[in-house]
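This document opens with one chain alone, in structure tokens, the form predicted on its own.
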Amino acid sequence: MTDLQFLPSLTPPQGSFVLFGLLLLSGLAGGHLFARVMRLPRITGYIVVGIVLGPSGLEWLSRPALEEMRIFVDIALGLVLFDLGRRIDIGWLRKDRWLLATGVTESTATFFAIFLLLGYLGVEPAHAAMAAAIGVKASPAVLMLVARDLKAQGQVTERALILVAINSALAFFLFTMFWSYLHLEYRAGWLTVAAHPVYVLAGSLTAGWIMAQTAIHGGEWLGKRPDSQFILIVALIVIAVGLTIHFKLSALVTLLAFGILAKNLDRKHALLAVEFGQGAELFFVILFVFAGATLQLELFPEAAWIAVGFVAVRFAAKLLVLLMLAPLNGLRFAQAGLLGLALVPMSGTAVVMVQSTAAVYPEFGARLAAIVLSAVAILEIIGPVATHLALRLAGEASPDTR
């Protein structure tokens, strides 16, 4: 033992705590720079920082480090999907059936547009179906954070949130059901083909129902105390994420179901509309830095034309349906067009869906990633800007944010 052995090593610290702190600081700085200097959404800054720090950039965030972040990403998505789900009032959708019909039609048209294009471009049917299912949904996290930054309120903002919830639910359903198709492609046993999607969907919905019932009864017991209910909801979201990992269920389906059921089964209005506030910002930074870092930009040249076509037909399908059904929804054509622009983003959940496939069938997941993540690379850059522009042009941004 030398006299100076108590001193630390001169090599840079590699611990996860240091890395995690640097990630948050870098994301915060990038978001501030893009918002204040370039007048772009903070999300764009978070994503660019992720790209720069990730494996496609400086490689400060290695793939093992990104795996360590995954639990925080799941919690972040849980907060977003729960918050999105509790905006869905089933009673209101029963009265305004054209809004529900619009969401279903828009989602269906998007799926078939992407599926047919990918088939025309020579993509195998299994890859095309899974990619199209992922492409159905827009990014709730982008829409919610941009709307919150702009303090946006109005028809375009509220309808966009409802449509995102509808197409998220349908995308998760399609994606889960297509696992049977995927198992058949890889010659899995008939029990796996038939039972796996049913287990995941039924189990995830059941977990969401249990979380909702626990939240409602907990809210009745705690009373209308915002601080206590905030802790209750966050704790249940974390528990739900943990349960879905342990039981190999879908965290995305579980948390969306949790939000929807907590809203619509709460007959006595025991639960308050808890605002996650500044605490959620930490998870938003993590989510979008992670989304940027996981993009495999080296795959983009291979699938560039496919990605561009994917983005184009996805936007066209959503926009055309919204324009055609605008009069039935009481919207002007300009509002319908801006609504279509607001639904452009596709981000974190798409990345998670691709990764869940790669975890089971790595070869299939690699090909799916080349298609979907190349499109996500485009949409992560233009998506937040499109949503930001749509809500501003709709006149729904608060005057003090302009």
Partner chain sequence: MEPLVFKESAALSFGIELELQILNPRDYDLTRGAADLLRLVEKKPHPGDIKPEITESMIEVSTSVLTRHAEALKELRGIRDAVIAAAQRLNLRIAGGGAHPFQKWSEQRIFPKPRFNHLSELYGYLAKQFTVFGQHVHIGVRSGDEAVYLTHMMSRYIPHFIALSASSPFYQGVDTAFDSSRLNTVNAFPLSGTMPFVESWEAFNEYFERMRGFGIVESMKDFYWDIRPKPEYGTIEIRVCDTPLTVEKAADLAAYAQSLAAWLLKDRPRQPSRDVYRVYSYNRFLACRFGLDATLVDAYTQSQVSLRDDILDTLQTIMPHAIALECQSALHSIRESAAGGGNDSAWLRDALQRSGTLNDVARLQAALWMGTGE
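Just so it is clear, the model here is predicted, and its values are computed rather than measured. Numbering follows the first chain given and starts at 1.
Here the subject shifts to the form predicted in complex with the partner chain, a form of this protein not shown in this document.
Judged against the partner chain in the predicted complex with a 4.5 angstroms heavy atom cut-off, the residues 127, 246 and 352 are out of contact without exception. Residues of just one listed stretch (154-162, 169-177, 100-108, 302-310) have heavy atoms within 4.5 Å of the partner chain in the predicted complex: 154-162. Of the heavy atoms in residue 112, none are within 4.5 Å of the partner chain in the predicted complex. Within this chain, residue 196 is remote from the site of the partner chain in the predicted complex, having no heavy atom within 4.5 Å. Proximity of residue 149 to the partner chain in the predicted complex falls outside the 4.5 Å heavy atom cutoff. When contacts are judged by a 4.5 Å heavy atom cut-off, residue 71 does not count as touching the partner chain in the predicted complex.
The partner is absent here; in the predicted complex, the one residue of 191, 184, 328, 235 having a heavy atom within 4.5 Å of the partner chain is 328. Applying a 4.5 Å heavy atom cutoff to the partner chain in the predicted complex picks out 87, 89 from 56-91, in order along the sequence.
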